[in-house]
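Just one chain follows, in the form predicted alone, and it is written as structure tokens.
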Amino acid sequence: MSNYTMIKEIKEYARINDVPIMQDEGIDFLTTFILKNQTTRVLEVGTAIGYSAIMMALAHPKLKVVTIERDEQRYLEALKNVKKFGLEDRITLLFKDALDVNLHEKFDLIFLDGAKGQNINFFEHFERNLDEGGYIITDNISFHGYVEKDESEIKSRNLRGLVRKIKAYIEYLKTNPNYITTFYDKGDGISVTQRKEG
């Protein structure tokens, strides 16, 4: 089976089972970024079913990904998908809550795509793993357009709370004195953060 067919199957599984995966425009942005920056070591928070980890690994033949997922069903599905593509030696899956994971290695890129309300915690927990000159990329900054909406238009209280947390994270990135962040209107909104030099 071709990679193209297998990717289509993953996307179809995600659609049927309501698993959030990156939009096409977002994944194109991410893989282009990886190629442009010759990224080879990635830490991903939020594996889901392995789609973005697989796409990153396919984009660059030397790239290795460590990816963390706390939902068992999604983790097992991700294991299956990684195996299908024969990427077990390049994608390491950890079944754990990301905030309980303590890694000692450094990464060129940390990709935050886990629980949106935890982004500040994820950022602060893993920034010590960021290589000098490395980047932290965060997906879902727009959160299906809700972040730009007036809060009074959002009916669900839970959703309002989540949107507030995403807004707080955006503010955190904008005002963080140690980093420079650029926001891109790609896919569901992406931020690219780099540590200031010196």
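Given the structure is predicted, the values throughout are model-derived calculations rather than measurements. All residue numbers refer to positions in the sequence shown, first residue = 1.
Unshown form predicted together with S-adenosyl-L-homocysteine (SAH); subsequent notes refer to it.
At a distance threshold of 4.5 angstroms between non-hydrogen atoms, H125 is out of contact with S-adenosyl-L-homocysteine (SAH) in the predicted complex. Contact check for F107: no non-hydrogen atom falls within 4.5 Å of S-adenosyl-L-homocysteine (SAH) in the predicted complex. S-adenosyl-L-homocysteine (SAH) is not drawn, but in the predicted complex it has no heavy atom within 4.5 Å of K64. Using a 4.5 angstroms threshold between heavy atoms, Y51 counts as touching S-adenosyl-L-homocysteine (SAH) in the predicted complex. Only one of 129-137, 43-51, 169-177, 156-164 lies within 4.5 Å of S-adenosyl-L-homocysteine (SAH) in the predicted complex by heavy atoms, and it is 43-51. With contact defined as any non-hydrogen atom lying within 4.5 angstroms of S-adenosyl-L-homocysteine (SAH) in the predicted complex, the contacting residues in 111-129 are F111, D113, G114, A115, F122, given in sequence order.
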